[in-house]
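Shown below, as structure tokens, is a lone chain in the form predicted alone; questions about how it binds or moves come after it.
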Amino acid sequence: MTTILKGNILHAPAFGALETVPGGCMVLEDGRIQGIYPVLPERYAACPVTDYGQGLIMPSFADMHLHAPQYPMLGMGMDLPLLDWLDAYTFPVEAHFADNEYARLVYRQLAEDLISSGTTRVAMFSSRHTDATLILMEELERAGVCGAVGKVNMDRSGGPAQEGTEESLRETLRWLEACRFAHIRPILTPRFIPSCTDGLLEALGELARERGLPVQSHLSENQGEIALVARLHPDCAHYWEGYRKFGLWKEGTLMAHCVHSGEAEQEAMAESGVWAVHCAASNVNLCSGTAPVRRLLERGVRVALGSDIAGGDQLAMNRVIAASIRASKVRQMETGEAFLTVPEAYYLGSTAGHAYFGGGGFATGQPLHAIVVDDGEMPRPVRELRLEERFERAVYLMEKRHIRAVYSEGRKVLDRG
């Protein structure tokens, strides 16, 4: 079925680019984009139109790193460094997800929160619990969220949240056999090297190779973490080599943070097709540092953004985009590295993440992932704003109440009228 969306269309097809079509028309065929036009071609004149008036039709957000079981602890423990924060808050909270009823309650709220905030694609960590992970995937599917979810593997230094090596592998296989979802796919998730024994990492690497599964983990987030990895793997000159020797460093691997990734690590990422997921709010909250985002991009590393809840304190990705811009400005003041502009950061928080899953912006042939923003209730300007100014203001000021509709994989999953 051919349908039309009408409104002010904005999208970021490439890093730094912003294309606008005032009062434009987007033609959809069964939820897939067929074209964007400043004036609707006559051949579509009889097709049904959803007219959003002066609303802003923009690509939805993609959150490429967040911890689902940490949702209940948002805004807690922000005065602690990473490793202490994990022991004091994260591991005890994650242990509660052995309770399936509790998991259902939390994950339904999280999934609805993501959609109402305009996030339609995710790369997400669950806890170690197989049943709770399947519940998470069910709730995301129900709400209309697409993407990848991983059952966390951790067999050391995890307190009440860890598991035995054989149990971890056995439960991972049970989880994979039960993954039968239309829009949520599995991704192998060794938490990070300090929480996984060599035997577990080796087995996960073999599983990734045998089944062609993607991988997500953490890399070079915090100096204390880096020092711990060096002690655990003295044969590795760099953190990333610990993943490589077990077959987990490969095309499409997602590595969160990369705050302290030096030139050699950056080059290794670019050569292997490993993605960096920048989590600005978390990096500042836990005093880890500010990541070299522009240098990563200049070296050819693919970069996307993540909320990293609950190290990050904001789930809404427009807030994450704003935090990324602010962190880059701090970095410019410290190092001279150019800060991220609003269109650049928006690309990283939307189109880049969608591209990981084979999508990307409003490209022809892609299923629609979009939000419709009504900025009419934002502070009244002293003059009529250009569309680019309205876009910038929406990125900084958008709240749930401003999001009028959300489309995910060509389906309208939120409609506020």
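All of these numbers come straight from a predicted model, not from anything done at the bench. All residue numbers are counted from 1 along the displayed sequence.
Same protein, other form: the form predicted in complex with a further copy of the same chain, not shown, and the subject of what follows.
Shown here without its partner, the chain carries E298, G358 and L368, none of which come within 4.5 Å of a further copy of the same chain in the predicted bound form through any heavy atom.
Listed residues A270, L105, L232, L176 were compared with a further copy of the same chain in the predicted bound form; L105 is the one with a heavy atom within 4.5 Å. Note on the partner interface in the predicted bound form: the residue among E42, E377, D51, D30 having a heavy atom within 4.5 angstroms of a further copy of the same chain is E377. Although the partner is absent here, R326 lies within 4.5 Å of a further copy of the same chain in the predicted bound form, judged by heavy atoms. When contacts are judged by a 4.5 Å heavy atom cut-off, R319 counts as touching a further copy of the same chain in the predicted bound form. Taking non-hydrogen atoms only, P381 approaches a further copy of the same chain to within 4.5 angstroms in the predicted bound form. A residue is said to contact a partner when one of its heavy atoms sits within 4.5 Å of a partner heavy atom; G164 fails this definition for a further copy of the same chain in the predicted bound form, lying far away. The stretch in contact with a further copy of the same chain in the predicted bound form, judged by heavy atoms within 4.5 Å, is 277 to 285, chosen from 203 to 211, 277 to 285, 132 to 140, 248 to 256. Contacts with a further copy of the same chain in the predicted bound form, taken as any heavy atom within 4.5 Å, map within 324 to 339 to R326, K329, V330, Q332, M333, E334, F339.
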